[in-house]
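Take a look at this single chain in structure tokens; it is the form predicted alone.
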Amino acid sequence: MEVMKMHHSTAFLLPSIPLEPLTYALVVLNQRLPRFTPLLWNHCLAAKLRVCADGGANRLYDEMPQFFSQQDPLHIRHRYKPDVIKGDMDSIREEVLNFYAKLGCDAIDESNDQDTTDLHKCISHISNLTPDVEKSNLCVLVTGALGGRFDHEAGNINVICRFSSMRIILLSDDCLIQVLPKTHHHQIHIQSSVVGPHCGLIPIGMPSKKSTTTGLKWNLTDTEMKFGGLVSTSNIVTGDTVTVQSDSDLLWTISIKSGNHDVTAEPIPQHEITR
């Protein structure tokens, strides 16, 4: 049976996204906002799926105005308001919750569920809102997913593995991480103005007995990878396209370049947005 091909890009880091079939959603976690967060926010306007995970609302409230130092902070907070705040609500400040509630933001308290992380709750929410026929064209961008406590990072990586059939990209100022499911052959389009050249491929959940790549300085050819053995870290992209195929799910990571992100662009007015 022919294996399907899956295409990936980082066009969401560009000021203007080229025509593509993907719809973007955004999850804001409780870590420092990447410098390109306003850009991601604008790309997610059409879907109206911008979710703060509990204390991520504090980050949005406190840090988003810092990207627009010449503008009124209150104006910025009104402009960049989440559609939903979801989690166990043990981190969000009361004044922040009240502020967004007055703007019509839904707050969903799931403190009764202590077996899943706030990110898991947010991804479940987005998944449940998205019709099955549209999920293959949905890409969830997650800010604040990397950095800080390692157990939080590991928990976030676990979430994208549990939802490996969805496109979910974990983001920090420095890099991104996503799962490449073994069910597909992957073609990764490199936007060299915003990402690279450093990258890595890491087996997750189980060893990979055979992984093959093109487009890297140190390519793999039916190579075995496992923890305690070889993993492809500190690799380098050499062109515009990287291809990956493996008998195991892999984590793909690539560095994000500093600069080149226009965070001051005004978002598209709501009345001009159509799905």
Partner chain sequence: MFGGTGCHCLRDRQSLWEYLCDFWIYSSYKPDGVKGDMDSIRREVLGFYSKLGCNVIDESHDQDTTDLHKCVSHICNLTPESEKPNLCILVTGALGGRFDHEAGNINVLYCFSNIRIILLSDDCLIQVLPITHHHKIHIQSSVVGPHCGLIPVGMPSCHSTTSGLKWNLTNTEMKFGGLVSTSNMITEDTVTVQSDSDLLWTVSIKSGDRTWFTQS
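All values derive from a computational prediction rather than experimental measurement. Positions refer to the first chain, counted from 1.
Although not depicted, the form predicted together with the partner chain is the subject of the following passage.
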- line: Partner-free chain; cross-checking the partner chain in the model of the complex, the single residue of Leu74, Ile108, Ala101, Cys161 with a heavy atom within 4.5 Å is Cys161
field: Single option in Thr241, Ser234, Thr212, Gln66 placed near the partner chain in the model of the complex, where near means a heavy atom within 4.5 Å
entry: Ser234
task: Heavy atoms, 4.5 Å, the partner chain in the model of the complex: which of 122 to 130, 167 to 175, 182 to 190, 77 to 85 makes the cut? Say which one.
output: 167 to 175
- prompt: With a 4.5 Å heavy atom cut-off, would you call Val194 a contact of the partner chain in the model of the complex?
  reply: no
- prompt: Taking heavy atoms and a 4.5 Å cut-off, does Lys135 contact the partner chain in the model of the complex?
  reply: no
- prompt: Is His198 close enough to the partner chain in the model of the complex to count, meaning some heavy atom within 4.5 Å?
  reply: yes
field: Arg35 within 4.5 Å of the partner chain in the model of the complex, heavy atoms
entry: no
query: What residues, if any, in 192 to 206 have a non-hydrogen atom within 4.5 angstroms of the partner chain in the model of the complex?
result: His198, Cys199, Gly200, Ile202, Pro203, Ile204, Gly205, Met206
